[in-house]
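A single chain comes next, written as structure tokens; it is the form predicted on its own.
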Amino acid sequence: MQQYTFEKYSQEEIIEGIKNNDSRMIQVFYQSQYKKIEQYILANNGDPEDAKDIYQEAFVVLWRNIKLEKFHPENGTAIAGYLYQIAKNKWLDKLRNAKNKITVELQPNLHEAEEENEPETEAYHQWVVKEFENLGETCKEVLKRFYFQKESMEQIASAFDWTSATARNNKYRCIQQLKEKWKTKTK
């Protein structure tokens, strides 16, 4: 006897329906799983719009993975758990990203603010120039080429006989050296 997992379809029928773009199968499965994921998102600081967006993204990932035969069910309800896990991970990623975003209020009188900070900006500029001279020759050359000569990472890599990734890493390290020195100075 056929075991039905979703309305009147088995998991195997749902998977085959998704592979074949059977709109009825896709609709049945889509609608049968939405409420669970919506409840999870609403219970975890989300709103109905977030739930719709996350569910749509998760369903597209599931659909693509089934089409590419990357999904292999381990039990009779694995597809539902798989979709739930994708949605949960996408929601957690969104929460994590939102937590790390910083909102900066634009200053309406930007020119006045710049004039007030001019001595501080000038002091910072002088400090950067002085500390730049204390960097190693390679760091100075990489930063000069990138910021002043506007060379691409590929051009810099070629000049030093590096890969592009090495050039990016070295530029990053040089900038970090300056940032660390600034942190030490301002403590």
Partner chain sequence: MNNPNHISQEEFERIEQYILGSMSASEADLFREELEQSEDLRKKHAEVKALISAVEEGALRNSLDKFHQDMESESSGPAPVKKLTPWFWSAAAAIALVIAAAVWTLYPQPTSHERLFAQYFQEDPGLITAMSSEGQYDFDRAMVDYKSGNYRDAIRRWETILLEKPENDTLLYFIGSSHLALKETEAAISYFEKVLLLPEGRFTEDNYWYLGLAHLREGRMEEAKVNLANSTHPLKDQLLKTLEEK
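The term rigid core refers to the most C-alpha atoms you can superpose between the two forms while keeping them within 1.5 Å. Numbering follows the first chain given and starts at 1. Since the model is a prediction, treat every value here as computed from it, not as a measurement.
What comes next is about the form predicted together with the partner chain, which is not displayed.
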> Does Phe59 reach the partner chain in the predicted complex if we count a contact as any heavy atom within 4.5 Å?
Replying inline: yes
> Going by a heavy atom distance of 4.5 Å, is Ile26 a contact of the partner chain in the predicted complex?
Replying inline: yes
> Would Gln31 show up as a contact with the partner chain in the predicted complex if we use heavy atoms at 4.5 Å?
Replying inline: yes
>> Considering non-hydrogen atoms and a 4.5 Å limit, does the partner chain approach Leu42 in the predicted complex?
In response: no
> Going by the partner chain in the predicted complex, which residues of 126-156 come within 4.5 Å of it through any heavy atom?
Replying inline: Val128, Val129, Phe132, Glu133, Lys140, Leu143, Lys144, Phe146, Tyr147, Phe148, Lys150
> When you overlay the rigid core, is the Cα of Ile66 off by 2 Å or more between the shown form and the other one?
Replying inline: no
> Core aligned, does the CA of Cys174 move at least 2 Å between the shown form and the other one?
Replying inline: yes
